[in-house]
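Let's start with one chain on its own, the form predicted alone, as structure tokens.
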Amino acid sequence: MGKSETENKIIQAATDEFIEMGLDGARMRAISDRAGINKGLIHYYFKSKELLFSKVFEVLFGVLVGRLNAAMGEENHLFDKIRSFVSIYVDAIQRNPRIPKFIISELNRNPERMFKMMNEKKKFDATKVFKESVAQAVENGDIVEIDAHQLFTNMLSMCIFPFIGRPMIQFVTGMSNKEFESYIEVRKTEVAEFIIRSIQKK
């Protein structure tokens, strides 16, 4: 087994352990058992549980941050930013649905630690760029007066909830797993258009 393959196995096993147990409850022995790798080998690659947690966070959070920063950084209209944001965000979580649960669980367990890690990973303030785009759209008369933070929260909530609430949604609607995946595909455009319609000046 090569170095990169070994590291990937450790990170995948650690992700499962951290999601279930959190940083404080996770054990390196449990991670080694999940990965089927000697505990000493894990310590060779990652000197401590905290360093391994930081790597898992970097992988999961980085999936979102890089792509979302790119979407927000584009020189385009607010509506295009909303469409890009929703499509990229939903697609990223669809590929790795453990991201919201991991981040939200750790935010509840230790918000100060998570905020510190998130601040270290983000390359620029995407919400600041979004706020500027909202202000410009209001000034141009394209949208109604709206608080940018409220709008951003609405976008995040509508993107994240279906993944967090999937069991409840499938139970209430009777959707099969295949139908749910189709439903998520539709949301990549439906959420953006719903939001745009709600703020667009008639």
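Each residue number is its position in the shown sequence, starting from 1. Definition used throughout: the rigid core is the maximal C-alpha set that superposes within 1.5 Å between two forms. Just so it is clear, the model here is predicted, and its values are computed rather than measured.
What follows is about the form predicted together with another copy of the chain, which we do not show.
A.B. asks: I'd like to know if L107 sits close to another copy of the chain in the predicted complex, meaning any non-hydrogen atom pair within 4.5 angstroms.
C.D. replies: The answer is yes: L107 has a heavy atom within 4.5 Å of another copy of the chain.
A.B. asks: Find out whether any non-hydrogen atom of P167 is located within 4.5 angstroms of another copy of the chain in the predicted complex, and reply yes or no.
C.D. replies: Answer yes; at least one heavy atom of P167 falls within 4.5 Å of another copy of the chain in the predicted complex.
A.B. asks: Indicate whether another copy of the chain has at least one heavy atom within 4.5 Å of a heavy atom of H77 in the predicted complex.
C.D. replies: H77: no contact with another copy of the chain in the predicted complex.
A.B. asks: Mark Q94 yes when one of its heavy atoms lies within 4.5 Å of a heavy atom of another copy of the chain in the predicted complex, and no otherwise.
C.D. replies: The answer is no: Q94 has no heavy atom within 4.5 Å of another copy of the chain.
A.B. asks: Pick from N38, S48, S157, N140: which has a non-hydrogen atom within 4.5 Å of another copy of the chain in the predicted complex?
C.D. replies: Here the answer is residue option S157.
A.B. asks: Looking at M175, M28, V59, A135, which has any heavy atom no more than 4.5 Å from another copy of the chain in the predicted complex?
C.D. replies: That would be M175.
A.B. asks: Taking another copy of the chain in the predicted complex, which residues along 18-44 bring a heavy atom to within 4.5 Å of it?
C.D. replies: Result: M21, D24, G25.
A.B. asks: Aligning on the core only, does the CA of E185 end up 2 angstroms or more away between the shown form and the other one?
C.D. replies: No.
A.B. asks: I want to check F163: does it shift between the shown form and the other one by 2 Å or more at the Cα, with the core superposed?
C.D. replies: Comparing the forms between the shown form and the other one, which are aligned on their rigid core, F163 does not shift its C-alpha by 2 Å or more.
A.B. asks: Determine whether the C-alpha of L151 shifts by 2 Å or more between the shown form and the other one once the rigid core is superposed.
C.D. replies: The answer is no, as the C-alpha of L151 shifts between the shown form and the other one by less than 2 Å after core alignment.
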